[in-house]
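Quick heads-up: it's one chain on its own, the form predicted alone, in structure tokens.
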Amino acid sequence: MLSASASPPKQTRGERTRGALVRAAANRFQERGFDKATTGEIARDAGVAEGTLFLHFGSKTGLLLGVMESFYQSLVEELAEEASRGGTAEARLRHLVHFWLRRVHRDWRLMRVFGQHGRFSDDPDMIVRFAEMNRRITRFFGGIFEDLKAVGAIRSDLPTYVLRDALFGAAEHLLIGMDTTGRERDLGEASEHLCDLLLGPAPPSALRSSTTKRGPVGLEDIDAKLDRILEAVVSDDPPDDPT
């Protein structure tokens, strides 16, 4: 076991070459997509011969799998660090959702490549590995959903997979919209709204204290509308639209 002051083990020449190819491929896939990026330009970016790429990864699909595994391993490590922060289950959910939106937005086009080829690849191994990697990601959020159910913050009868799909589906829809329209959105605000949706309606006390124009209708609003209608009836004038 390494001590805290020990240096990380030195990489072999082969490991350095694989790392350079993975980084170069990730950049090209992000910029141009999988189909348009060529193995020749990836090899040039990495500073190696094209044959070296095939020697290490066998094919372009094998290289994509290497990029995907490296990316998701880093992402799992980042999520583990973020999930280790203290606080209530709700605070952890809000923190992780905000982190997730910002992190995916940063590498959105690369992750779309993973999704397209991980779900619909001709290589069965690619499909299996992609599913495994995604399960490692969703496990962090599934644990928090279970904690929220235990404290009554989320209905206990809601299946965790429904909550998971609602979260990731909404996040994906938001980011697709930003990418296709070029319209920027406040990801911090979006993450808060998404968490509010997952956590359900506000408690009655919060509803009563709402001062927004389009908030829930209170008794004072109903009384005022009835008064306007009665005054109009007495005066034979048509009432204003009560809505």
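Note that residue numbering follows the sequence shown and begins at 1. As the structure is a computational prediction, the values presented were derived from the model and not from experiment.
The next section is about a form of this same protein that is not shown, the form predicted together with the DNA.
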{"property": "Interface segment, criterion being heavy atoms within 4.5 Å of the DNA in the predicted bound form, picked from 65 to 73, 30 to 38, 189 to 197, 172 to 180", "result": "30 to 38"}
{"property": "Interface membership of residue 19, the DNA in the predicted bound form, 4.5 Å heavy atom rule", "result": "no"}
{"property": "Contact check for 48, 52 and 55 against the DNA in the predicted bound form, heavy atom at 4.5 Å", "result": "yes"}
{"property": "Members of 59 to 79 lying within 4.5 angstroms of the DNA, judged by heavy atom, in the predicted bound form", "result": "59, 60"}
